[in-house]
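Here's a solo chain for you in structure tokens, the form predicted on its own.
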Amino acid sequence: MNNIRSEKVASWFFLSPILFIHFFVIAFPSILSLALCFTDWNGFGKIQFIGFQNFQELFSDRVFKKAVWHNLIWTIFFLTVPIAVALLGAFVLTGVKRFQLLYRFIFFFPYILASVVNCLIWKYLFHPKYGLNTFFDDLGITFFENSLLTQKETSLLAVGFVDAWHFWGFLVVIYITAMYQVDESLYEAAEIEGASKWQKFRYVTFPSIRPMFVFSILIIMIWSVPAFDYVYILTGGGPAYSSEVLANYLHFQAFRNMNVGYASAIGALMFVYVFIITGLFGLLRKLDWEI
């Protein structure tokens, strides 16, 4: 009994620095932010309690509604294009025998680059005078004659494309890792039955990697909520709020308008969304879904 107690004390002793840091870096600021939702505070001076007024203003805020809609588009985009391309890339890569590590590195390399570097590369490529337009103009294609980042119709998807270009290599790596765990005997049985490559993928590969696939859906749905850096660097939410997303609007309210209480209300709604998504996946696991 004494040995068990001493082990528990030792465990808490080694955990205490991490718990201390977690509390003061994550837990305490999160609780404070939730409390500030109900205040009118500019970051300085006296804090004034105003109840649910910030939330009432949010639901009548045109820019906030637009940011919510853009976050939804962002999520749908990342749940389709990067996942489809990554699944295809990973499946093709499993059949490559030579230089596979090199190909993996090439796919993953954009993900390890700093977001500022990625954004500067694509800002240059989208530039109408120095970028892709100089190449396509000779072919008679005028799609890039104006920067896609400066047009209201294309700014959000252009930023999403740049972010997806950096992100899809990460998906390739986790998918190909899952694919290498598939039992080879299943492929052999499918080959004996005369299955095509597509049938092997549909009936063998995909069901076997389904837990990893569902996990990727979960992390994309969560990561799409605080999407910020690529929007902030490439467009700042413009032009005319055409690429505004929730995290960027929160930053604008907190650090430019100095409306900390209003920004905290935006953050609280983002937290509620993430909580609902993770709770839903947790419920599905309790219902014995294979995720």
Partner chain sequence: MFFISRLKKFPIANHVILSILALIIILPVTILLFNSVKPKAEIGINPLGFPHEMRFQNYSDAFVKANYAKVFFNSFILVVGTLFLCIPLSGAAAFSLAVMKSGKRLTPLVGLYLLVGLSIPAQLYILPLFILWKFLHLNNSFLGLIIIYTALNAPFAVFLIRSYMLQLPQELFEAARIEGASNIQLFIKIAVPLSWPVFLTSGLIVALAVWNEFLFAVTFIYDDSIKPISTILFAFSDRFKNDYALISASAVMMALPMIILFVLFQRNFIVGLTSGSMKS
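Here, rigid core means the biggest group of C-alpha atoms that superpose within 1.5 Å across both forms. Please read these numbers as outputs of a predicted model, since none were measured by experiment. Residue numbers count along the first chain shown, from 1.
Just so it is clear, the following notes concern the form predicted together with the partner chain, a form of the same protein that is not shown.
Item to complete: Please state whether every one of the three residues 49, 80 and 283 places a non-hydrogen atom within 4.5 angstroms of the partner chain in the predicted bound form.
Response: Zero of three within 4.5 Å in the predicted bound form.
Worksheet item: Taking heavy atoms and a 4.5 Å cut-off, does residue 101 contact the partner chain in the predicted bound form?
Response: Heavy-atom contact with the partner chain at 4.5 Å: present for residue 101.
Discussion item. Considering non-hydrogen atoms and a 4.5 Å limit, does the partner chain approach residue 39 in the predicted bound form?
Written reply: Although the partner chain is absent here, residue 39 would stay clear of it in the predicted bound form, with no heavy atoms inside 4.5 Å.
Discussion item. Can you tell me if residue 239 lies within 4.5 angstroms of the partner chain in the predicted bound form, counting non-hydrogen atoms only?
Written reply: No - in the predicted bound form, heavy atoms of residue 239 and the partner chain never come within 4.5 Å of each other.
Worksheet item: Is residue 92 close to the partner chain in the predicted bound form, meaning a heavy atom pair under 4.5 Å apart or at it?
Response: Yes, residue 92 sits close enough to the partner chain in the predicted bound form that at least one of its heavy atoms falls within 4.5 Å.
Discussion item. Between 203, 143, 130, 180, only one gets a heavy atom within 4.5 angstroms of the partner chain in the predicted bound form; which residue is that?
Written reply: Of the candidates 203, 143, 130, 180, 130 is the one lying within 4.5 Å of the partner chain in the predicted bound form.
Fill in: Stretch from 143-151, 107-115, 67-75, 182-190 whose residues place a heavy atom within 4.5 Å of the partner chain in the predicted bound form
Heavy atoms within 4.5 Å of the partner chain in the predicted bound form occur in 107-115.
Practice prompt. Could you list which residues of 210-245 come within 4.5 Å of the partner chain in the predicted bound form, counting heavy atoms only?
Written response: 212, 215, 226, 228, 229, 232, 233, in sequence order.
Worksheet item: After superposition on the rigid core, does the Cα atom of residue 10 shift by at least 2 Å between this form and the one not shown?
Response: The answer is yes, as the C-alpha of residue 10 shifts between this form and the one not shown by 2 Å or more after core alignment.
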